[in-house]
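Okay, so here's just one chain, in structure tokens, the form predicted alone.
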């Protein structure tokens, strides 16, 4: 799920960036350092939408660097248990398959795939129904439900299922 939140960060800036464009340099460094990162508490930072406040800088002894407290608004992505997501399958093996929904990687075990789907090995491993009408393989789009998350300091891992109503393949790349 996406949230719009306010975060704070202390940014260090080298003296060569001081001058007329100080604020612009600070904002571009903040975007470069923060966008695309993950914090276990808030989730994946998708984009910075605005700067609320840049505090007074504090000169670091001996280095010349200045530390500015910056308060900014950003959009974050944090998956929750029970959430339904659409994802793209990245890898299929006999244990299940991995899919990506934006920055988060989700594993769907073969126990959480409908019983009528069987693993087919070969040059393009996949899970196929007995009549061959539905196939899950690399680059297939699937709708899945998150049944568990594990949060580390810099990463979020998810376990999903497609063994429920209205879940499964949305778009087959071979069709």
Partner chain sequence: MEKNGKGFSMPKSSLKSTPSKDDSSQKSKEGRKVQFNNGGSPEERFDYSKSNGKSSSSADKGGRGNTANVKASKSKEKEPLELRLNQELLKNAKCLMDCEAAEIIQGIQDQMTLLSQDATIKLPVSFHKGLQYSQANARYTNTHSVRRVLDTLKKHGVVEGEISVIANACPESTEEVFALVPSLKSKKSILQEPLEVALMVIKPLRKVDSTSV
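What you are looking at is a predicted structure, and each value in this text was computed from that prediction instead of being measured. Between two forms, the rigid core is defined as the largest C-alpha subset superposing within 1.5 Å. Residue numbers count along the first chain shown, from 1.
The same protein has a further form, the form predicted in complex with its partner chain, not shown here; the description that follows concerns it.
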| property | result |
| --- | --- |
| One residue of 49, 129, 120, 63 in contact with its partner chain, assessed in the predicted bound form (non-hydrogen atom, 4.5 angstroms) | 49 |
| Partner contact for residue 35 in the predicted bound form: its partner chain, 4.5 angstroms, heavy atom | yes |
| In the predicted bound form, residue 162 touching its partner chain (heavy atom, 4.5 Å) | no |
| Contact test in the predicted bound form: residue 156 vs its partner chain, heavy atoms, 4.5 Å | no |
| Touches its partner chain in the predicted bound form: residue 45 (any heavy atom, 4.5 Å) | yes |
| Residues in 87-103 with any heavy atom within 4.5 Å of its partner chain in the predicted bound form | 91, 93, 94, 95, 98, 100, 101, 102, 103 |
| Core-aligned CA displacement of residue 155 at least 2 Å between this form and the one not shown | no |
| C-alpha of residue 27 moved at least 2 Å between this form and the one not shown on rigid core | yes |
